[in-house]
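Shown here is one chain on its own, the form predicted alone, set out as structure tokens.
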């Protein structure tokens, strides 16, 4: 057995690894997830708001990061819609405009009672990076006099009386980098005491941990946290389980779990072979 594994063509390992990823993906395998306390902190920040609260949906990511961030962005939208919150979509990234449109599409398809201008609005993109935040915290309409369709904000019921984002009950930021969560914390949430939660990529998670819980009520890190957040939403709104789209993050965890288990198994086998060969004087 030791000789078999020692002389095994590595291409067989590549094949098995490929199958361990492909099969769960094709079968849509979903493994149980238990939301961590950190994920529940994010969930509760949305859940504990009164129905119909004002939420700034700041989505700062592009297609390159959608694998990690799209499931949590969609879960935020569905959770807010279940709570009937009013959603103000905005982005600091020009490439994120399609991401806003895709998430707004969830409201159009799944929540027909949501009316544009009354329950949600797409403010879109303005150039200036963090400079945009510095303006909208004091005078939103100085930069955003109209929405993405060119409609005057004074003509929309949900924006006619909005002076700035200080009146938001919560900022939800999904970010893939700069400008993103750090800038929203530094120039909006902290100086103006606006409650905020975030969802970020795996590499962006660690630098934000020191902001929790004082400057951030909670932060989701990568697809694992996205899957846990989906599970938290599904546990509280079980009727959503009939919609396969609500479990995208959970499905993406399946291939990761199987592949990681395979890697651990191969590491264990490799170490067993090493010590067996050393005992026999081969190594």
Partner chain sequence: MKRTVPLVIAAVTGVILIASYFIPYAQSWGEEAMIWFDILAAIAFVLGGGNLLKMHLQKISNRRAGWGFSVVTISAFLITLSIGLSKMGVNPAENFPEWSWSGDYLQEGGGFKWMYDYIYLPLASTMFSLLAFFIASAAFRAFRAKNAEAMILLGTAFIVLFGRTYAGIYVSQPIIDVLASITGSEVESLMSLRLDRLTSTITNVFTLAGNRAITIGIALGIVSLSLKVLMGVDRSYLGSEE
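Quantities reported herein were computed from a predicted structural model and do not represent experimental measurements. Positions refer to the first chain, counted from 1.
Just so it is clear, the following notes concern the form predicted together with the partner chain, a form of the same protein that is not shown.
is_contact(residue 95, the partner chain) in the predicted complex, heavy atom dist at most 4.5 Å: Output for residue 95 is yes: heavy atoms within 4.5 Å of the partner chain.
4.5 angstroms heavy atom contact with the partner chain in the predicted complex for residue 218: No, residue 218 is distant from the partner.
Any non-hydrogen atom of residue 234 within 4.5 angstroms of the partner chain in the predicted complex: No, no contact at 4.5 Å.
The partner chain contact at residue 264 in the predicted complex, heavy atom, 4.5 Å: Within the cut-off, so yes.
Option from 83 to 91, 167 to 175, 107 to 115, 206 to 214 whose residues, in the predicted complex, bring a heavy atom within 4.5 Å of the partner chain: That would be 206 to 214.
Those residues of 116 to 138 which, in the predicted complex, come within 4.5 Å of the partner chain by heavy atom: Those in contact are 125, 127, 128, 131, 132, 134, 135, 138.
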